[in-house]
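Take a look at this single chain in C-alpha cells; it is the form predicted alone.
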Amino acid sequence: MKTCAIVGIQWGDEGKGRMVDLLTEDYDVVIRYQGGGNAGHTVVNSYGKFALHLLPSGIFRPGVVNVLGNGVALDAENLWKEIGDLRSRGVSVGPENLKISDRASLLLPWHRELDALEEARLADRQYGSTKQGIAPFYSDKYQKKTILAGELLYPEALRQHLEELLEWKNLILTGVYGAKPFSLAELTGWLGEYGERIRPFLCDTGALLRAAAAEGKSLLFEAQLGALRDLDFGIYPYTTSSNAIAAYAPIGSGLPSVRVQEVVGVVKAYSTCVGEGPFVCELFGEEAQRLREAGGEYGAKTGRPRRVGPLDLVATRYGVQIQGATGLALTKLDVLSYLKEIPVCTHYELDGKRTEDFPFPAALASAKPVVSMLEGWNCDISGVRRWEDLPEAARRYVEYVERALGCPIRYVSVGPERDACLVRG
C-alpha cells in the first residue's frame, strides 16, 4: 500500500486539483479530508474545464473510488448541484465511485446565513470569507451542535435533533443579528430534498478505507486551501476553519491509523492570495494587473480578483516545513513568460533586520519584502512537454526556487492540460 497527500504550500489556489487529476492514474482511492464548498480546484481534461468545490478531483478517473471524509463540511445542496453539473457533461458520478462518510457533519442553510451576517457585521474588518458557511459550520461542530450525515438514516432521531438545534440557532439569529429565524418546515424540507439525494452515497468510510489498506490499495489524500490558511499554523485569524495540513489527512479521512508516506506540496511560481490579511509581497497597480491577467487570477468560487505578487520564498519555505513536503509541484511557470526579469521575495525586513524566517502573524503587518531579480526567458513555453526542452533561464529559475525551498521540485506545470506537467527525473 502506498499513501500520498497533495497539499497547498501557500495561500491556496496553487493548482492542487490539476495535480490530483494527474496523479490519480496511479491511485485507487482519492479522499477529501477537510474543508468544504469554499474550495475551487480547477481541472482541465478530456471532459473539459471544471472548478470542483466539494467533489474529489479523482472523480474523472474510471475505476477510482472518491471519498468525502468525516473532516469535510458537507453541503448536500451544493454537492448535489455539482454532481448534476458533472453528469450533464458526461462524467459518471454514482455510489459506486463516490462515497460519503456517515460521520461527516452537514452544513445547513443557517451556516451560510450566519457567515454572511457576520461578515456584514465586521464591515471593514472582514476576514474575507467566501460566505459558504464554513466558519459557522466548524464552530458548531466543535460545540457538538451539528447533524451527522448518518442521521439521515434515522429519521425520528434526526427530527428530534433538528428541533433541539433549531431552538438554539434561532436564538443566535434573532438575538445577535436581528435576523429572520428558520422554521422546522424549512429545514425538514431542505433535508428532504437534498439529504435524501445523498443517502445512497453514505457509508462507513473508515471501514471502507481500512479494507482498502488491508488489500494493499493506494490512497491519495486531497487537501483544500494552503498551509498559510491552516487554522493552527496559518496567518490567524485570516485562515480557513479547518486543518489544511497533511498531518490531518488520516484523521479527516477516517483512517487515523495510517501513515502518510509521501507529501506532494503544490507551489505556484508566483504568489496569489484571495481574501483579507497580511500579504507581504503584494503588487499593486498596473504591474499587479498585468500579472493577474496573465495568470487568470480570479477566484474559482467567488470570481474575486486575487491579490498577486512575486514568489514569496519566506512564506513558501515555511509552508514546505509545516506540510512536511517530500517533493514539490511548481505550477503556472508559463505565466511568467512575459517578464524579461522576474522578481522574487528572498527575505523580509523586520525592525531594520533581514530575516528568512516566517514571523508570528502579528508581526507581518510591519514586514517589508526584500526582492531580487532573476533573468526571465521572455518566450512562450506553454507548448513544451519535456523538462530538457525548457529555455535555460526557465530551468535556472526552477533550480533556484528548489535550492531556496530545500525540497526537490518533481513536477513543473506549463499549462492546465494533463500533458502540460513536466516530470523531472
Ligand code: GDP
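Everything numeric in this text was worked out from a predicted model, so none of it was measured. Numbers follow the displayed sequence, beginning with 1.
Note that the form predicted together with guanosine-5'-diphosphate (GDP) isn't included here; everything after this is about it.
- Listed residues K169, R306, K99, H111 were compared with guanosine-5'-diphosphate (GDP) in the predicted bound form; R306 is the one with a heavy atom within 4.5 Å.
- Though guanosine-5'-diphosphate (GDP) is absent from this view, in the predicted bound form it lies within 4.5 Å of a heavy atom of just one residue from D334, D115, D75, D140, which is D334.
- Under a 4.5 angstroms non-hydrogen atom cutoff, guanosine-5'-diphosphate (GDP) in the predicted bound form has S413 among its neighbouring residues.
- Contact check for N45: no non-hydrogen atom falls within 4.5 Å of guanosine-5'-diphosphate (GDP) in the predicted bound form.
- Of the heavy atoms in G37, none are within 4.5 Å of guanosine-5'-diphosphate (GDP) in the predicted bound form.
- At the 4.5 Å threshold, heavy atoms of H41 reach guanosine-5'-diphosphate (GDP) in the predicted bound form.
- This chain is displayed without guanosine-5'-diphosphate (GDP), yet in the predicted bound form the stretch 326-334 from 149-157, 285-293, 171-179, 326-334 comes within 4.5 Å of it by heavy atoms.
- Taking guanosine-5'-diphosphate (GDP) as it sits in the predicted bound form, the stretch 8-22 comes within 4.5 angstroms of it through a non-hydrogen atom at D13, E14, G15, K16, G17, R18.
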